[in-house]
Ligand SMILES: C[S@@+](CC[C@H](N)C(=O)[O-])C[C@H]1O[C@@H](n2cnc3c(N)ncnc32)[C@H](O)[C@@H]1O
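Okay, here we've got a single chain as structure tokens, the form predicted alone, with questions on binding and movement later.
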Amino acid sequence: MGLYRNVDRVMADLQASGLGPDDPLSVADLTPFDQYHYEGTEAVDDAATALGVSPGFRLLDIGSGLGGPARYIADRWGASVTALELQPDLNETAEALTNRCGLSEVVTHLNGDILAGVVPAGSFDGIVSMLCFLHIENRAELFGHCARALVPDGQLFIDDYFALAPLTDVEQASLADKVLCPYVPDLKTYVADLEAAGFVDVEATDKTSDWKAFVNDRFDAFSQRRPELVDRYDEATVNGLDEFYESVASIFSAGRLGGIRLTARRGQG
């Protein structure tokens, strides 16, 4: 999808900020460009707080993208983070950025599929996933692997989509094509799937209003910067981003797609 194409555009963003390809970086240098989820580092702070992250905490970030949340949590909260990313070019770029930040001792990048069992059992105190699970239709298998990766009482934090009402065929097709989102459960089904995988104390916060405002503001800001960004990237990249941002904003505005934040704990069983 448009958001995940031409991932090297982050290098053009850094160059526009006066940072060359070999310059060392700080996490603060990258945060305007490496947070692909909604609400930036504010959402990452919410995740770290909910999970109880502290120095030495072992965290798995599923669908880690360019590694922004992983680096931020390791740098600010002192966690040891494994950043799991399916897309090879995203993973490679993320690892290079982590090295330039001097964080390779505390952030490990892993290219692989959570459904393929690439994560050792009982290895993590917490899992965070921000707008990644929407790409994965088989929730029973997904949540089973999440539970397996956690220690007993380990915590799970998810930002994801859910259905406020049945989506239209057009909305479902747009999500599948433009967002690579093949499946959107309602909240009752989402919670039931987590509980079936052995999670307890499931709590949900409706983020629909916040995220609707966020995606509309993002699209408006992007549209205003379009000429600048065509010069910075290229027209094909900007067209892909424009189509992606517009599609998401349009679906949220229709009122049937919702945003949800869920926390849960792996049971003792």
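Numbering starts at 1 and follows the sequence shown. Keep in mind that what you see is a predicted model, and the values were worked out from it rather than measured.
This next part talks about the form predicted in complex with this ligand, which is not shown.
Examine Gly112 and determine whether its closest non-hydrogen atom to this ligand in the predicted complex is within 4.5 angstroms.
Taking the distances in the predicted complex, the answer for Gly112 is yes, it comes within 4.5 Å of this ligand.
Can any non-hydrogen atom of Arg76 be found within 4.5 angstroms of this ligand in the predicted complex?
Although this ligand is absent here, Arg76 would stay clear of it in the predicted complex, with no heavy atoms inside 4.5 Å.
Partner proximity in the predicted complex: Phe222 to this ligand, non-hydrogen atom cutoff 4.5 Å
No, Phe222 sits far enough from this ligand in the predicted complex that none of its heavy atoms falls within 4.5 Å.
Would Lys207 show up as a contact with this ligand in the predicted complex if we use heavy atoms at 4.5 Å?
Heavy-atom contact with this ligand at 4.5 Å: absent for Lys207.
Heavy atom within 4.5 Å of this ligand in the predicted complex - residue from Leu97, Cys181, Met130, Ala149
None of the others qualify; the residue that does is Met130.
Just one of Ile136, Ala163, Val191, Val119 has a heavy atom within 4.5 angstroms of this ligand in the predicted complex, so which one?
Comparing distances to this ligand in the predicted complex, the residue within 4.5 Å is Ile136.
Of the listed stretches (45 to 53, 209 to 217, 61 to 69, 232 to 240), which one has a non-hydrogen atom within 4.5 Å of this ligand in the predicted complex?
Answer to the contact question: 61 to 69.
Need the contact residues for 193 to 227: heavy atom within 4.5 Å of this ligand in the predicted complex, sequence order, or none if there are none.
Heavy-atom contacts within 4.5 Å come from no residue here.
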